[in-house]
Ligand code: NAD
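A lone chain, given as structure tokens: the form predicted alone.
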Amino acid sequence: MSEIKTQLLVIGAGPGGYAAAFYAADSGMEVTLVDTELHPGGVCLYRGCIPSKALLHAAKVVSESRDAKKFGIVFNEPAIDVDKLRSWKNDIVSKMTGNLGLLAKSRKVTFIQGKATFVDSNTVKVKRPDSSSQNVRFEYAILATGSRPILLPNVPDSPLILNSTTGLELQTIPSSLLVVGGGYIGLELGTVYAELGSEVSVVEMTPGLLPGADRDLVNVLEKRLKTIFKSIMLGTKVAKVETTAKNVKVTFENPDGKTSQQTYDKILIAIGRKPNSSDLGLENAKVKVTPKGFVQVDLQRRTTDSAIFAIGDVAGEPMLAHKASHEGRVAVDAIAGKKTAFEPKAIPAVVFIDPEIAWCGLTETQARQENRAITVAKFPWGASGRAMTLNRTDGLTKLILDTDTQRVLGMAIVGPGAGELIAEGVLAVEMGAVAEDVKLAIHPHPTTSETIMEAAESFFGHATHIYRPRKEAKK
């Protein structure tokens, strides 16, 4: 068996892994990157963030064509060419992953396609697709192996039962679809299928959609989703799933224990993801794993084995690509001996539905649970001129402020383009901005970004487009 040596080995080439590998190479390290795919990209590019956003854009075009009749423009009902849509989505994935392969080569990163398993604290065995094997000895390693979908127990194996991966393959548009899970993945995929022609129902076992998100934001989204989905069943469990050759029979259980049945062409299970920490041979190193399967790490993302670091989904919540990328840079800096730690004050989260929901920093829900002294400054999009021109006045922007210091602790937005706007909130939180800083920053008119400025203005009682009782600025 052949063996190579490398200064840094990165296992997993998703947004955390390839960002770490590229940053390390740019910093002068000798880097080897291992992944089971042909090119870097990971779940995010191959089966997650990118293909889902491509399909969501297509769904939004369909939605906007229908909404246009409200201001006098009428389109014929769109004809959906599923094969062409799937090909367009796949082409985006192919281009992006191929470009990452070229970037790895340009940086002289050694890329090995295969599955890595630890032999000891400084060696992995990589099994290639052709079944050949190669040992890689390293000084340091970064685990970036990501996560995979959680499946419902006792569910039959059937092509009629989809998960977040197979749902994105878009093989067909079923006449009826049940989405199990009211989190962001289920709602995003449900929206895609609904706009492309499926009759979509959603079942969520908790009392509300998007558990953990502020209810005033979710209420805006839920109102619109009720016009898109056939039904939204909250506080309801899936008790049993049975399949036939043509459909799926689902038994539901409501909070009172009563059961009911419904038949669907397909169901899509999106109840969360779990870390890929098994089958890595971690027991052969000194790496400890939590009962939930996450690799234990410190603030520098170092595991309980001093030579091995872990980032991204495998290292804990939140399972977000941009969080993984940042962790990767922290880990590389730690390996380089720099003083560094992963201590963000604001990790943005975005739900890419229509309307989008985005938040960062402290949420209102979290603040109430922790009995934090906060003041919430809101600006409704019904008072935004730009929102009116978009025919989308159902949005809301709010700032979470420390009551005593008026420091911005968090920001949340619901409305079209919220994901693009939330970065201002991240910067405000990280830089320690106060409400007056946001108020005095001149925002372009007419834009929805003005709602951030006017939310801050509303705190002082002089937002131009809404009236709020005046509060004196803190001196």
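Because the structure is predicted, anything quoted here is derived from the model rather than measured. The first residue of the shown sequence is 1; numbering continues from there.
Not on display, but discussed next: the form predicted in complex with nicotinamide-adenine-dinucleotide (NAD).
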Exercise for review: Consider the chain as shown here, without its partner, and state which of 255, 211, 385, 156 has a heavy atom within 4.5 Å of nicotinamide-adenine-dinucleotide (NAD) in the predicted bound form.
Suggested key: 211
Revision key, fill the gap. Picking from 330, 180, 401, 136, the single residue whose non-hydrogen atoms come within 4.5 angstroms of nicotinamide-adenine-dinucleotide (NAD) in the predicted bound form is 180
Practice item. Kindly indicate whether 152, 185 and 319 are, all three, within 4.5 angstroms of nicotinamide-adenine-dinucleotide (NAD) in the predicted bound form, using heavy atoms. Key: yes
Practice item. Find out whether any non-hydrogen atom of residue 352 is located within 4.5 angstroms of nicotinamide-adenine-dinucleotide (NAD) in the predicted bound form, and reply yes or no. Key: yes
Check your understanding: Is there a heavy atom of residue 206 lying 4.5 Å or less from a heavy atom of nicotinamide-adenine-dinucleotide (NAD) in the predicted bound form?
Key -> yes
Review point. Is residue 272 one of the residues lying within 4.5 Å of nicotinamide-adenine-dinucleotide (NAD) in the predicted bound form, judged by heavy atom distances?
Key: yes
Check your understanding: Is residue 53 close to nicotinamide-adenine-dinucleotide (NAD) in the predicted bound form, meaning a heavy atom pair under 4.5 Å apart or at it?
Key -> yes
Review point. Among 272-280, 291-299, 88-96, 363-371, which stretch has residues whose heavy atoms lie within 4.5 Å of nicotinamide-adenine-dinucleotide (NAD) in the predicted bound form?
Key: 272-280
